[in-house]
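Just the one chain here, laid out as C-alpha cells, in the form predicted on its own.
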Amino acid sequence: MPKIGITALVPPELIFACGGQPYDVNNVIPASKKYSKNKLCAWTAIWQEMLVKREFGIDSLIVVAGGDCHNALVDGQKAAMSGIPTHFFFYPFDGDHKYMESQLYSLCSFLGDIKYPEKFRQIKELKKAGQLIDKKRINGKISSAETFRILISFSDLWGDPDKFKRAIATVQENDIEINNRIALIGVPPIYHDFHDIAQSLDLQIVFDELPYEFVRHTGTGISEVARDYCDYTFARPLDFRIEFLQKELEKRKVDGVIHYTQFACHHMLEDEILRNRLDYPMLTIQGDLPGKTPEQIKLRLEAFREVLERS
C-alpha cells in the first residue's frame, strides 16, 4: 500500500478505502530527539525538515491547509517543493457539507479513487471502540495516559486497522480514583510524558479535545463522512468550538481546564477568549521543543492542583 503522510486530521477511512496507508507525521514528534533549525512551531518545523530529508519514507503527502494548523500551509509547501507529490486539503469554515464533499472527491482523485469501500464501515466500528474507551476513562476504568495513547493514534490507526484493533483489545481496565477531573484543551502537548506526569500529580485528564475529534467523526461513504467531518471543531469558528466544549466539559463534570498552547502557534491567540467563555479554573501552558515535561511545568501543575483542592 502507498504510504500517505498527513499533517493534521484527514479522514483515515477515505485513505484506507482508496488503498492507502495513512501516516500522521505529528505522532512521531513528541518522542523524537530532533530540534528544528526553524525557531517557530516545533511541531510543523520538525516534520517539514524530516519530510524534505525523506526520513518518513512516504509516497505522497496530504497537507491540511485549512483546518487546525495554519503553519502547515507554509511548511507543507516547503515539503511539496522538495518533490513530494502533495495534495492540499481544506475544511469548510462555515461547515458547508457540499464543499466538504467536493474536497473529499478531489482527495479521492489524488489517491486513485475508492477501491475498498468496506473500509469505511470497518473504521466506523473501530471508532465506536475508541469512544467506549473514552467513556471508561470518564468513569475511572482506564487511565488518562492509556486513553490518550489510543485516541491520538486514531488519526492514522497506525496505518493498519487490524493491528490497531488488536491493540485496543489489550487495553486493561482498573479502578482509578479521580479527585481532580481535568479537561485538556488545545493542541496535544509536545511532551510525550505529559499525561503520565499529570496523573502522578493527581490531575486526572478526562477529556482530550483534539484526540476526541479523531474518534467522534466517521461515516460509511463520502456523503456521510462529509456531513460528519464538516463539524470538525478546530476548523470552525471559535464560537462553534466553544459551544461544543461547554457541553463536553459539563457532561464530564470537570473541575478545571488546562489549555495547552504551542510556541508560535496561532491558537495562542485564543487563550483570552477561552478564559472568558469557559467558567472553570484554567491553567495555560505553553510548550516548545519535544521531550519530557519540563520541571517548571510540573511545578505549575502542582500549584494548579492545590488551587483546585482549595476551591
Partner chain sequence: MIGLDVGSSTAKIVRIEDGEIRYEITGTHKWRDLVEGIEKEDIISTGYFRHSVPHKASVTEITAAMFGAEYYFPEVEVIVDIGGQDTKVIDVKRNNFIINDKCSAGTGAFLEFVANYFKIELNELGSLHERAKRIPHINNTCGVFAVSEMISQLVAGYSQEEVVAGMHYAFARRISFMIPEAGTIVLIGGTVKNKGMVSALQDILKKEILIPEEPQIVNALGALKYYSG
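This one's a predicted model, so the numbers in the text were calculated from it and none came from an experiment. Positions refer to the first chain, counted from 1.
Keep in mind that the form predicted in complex with its partner chain is not shown, yet the notes after this line are about it.
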Checking Val28, Met50, Leu245, Leu283 against its partner chain in the predicted bound form, the residue with a non-hydrogen atom inside 4.5 angstroms turns out to be Leu283
Can you check 245-253, 40-48, 274-282, 53-61 and let me know which stretch has heavy atoms within 4.5 Å of its partner chain in the predicted bound form?
274-282
Answer with yes or no whether Arg300 is in contact with its partner chain in the predicted bound form, where contact means some heavy atom within 4.5 Å.
yes
Considering only heavy atoms, tell me if Val307 and its partner chain come within 4.5 Å of each other in the predicted bound form.
yes
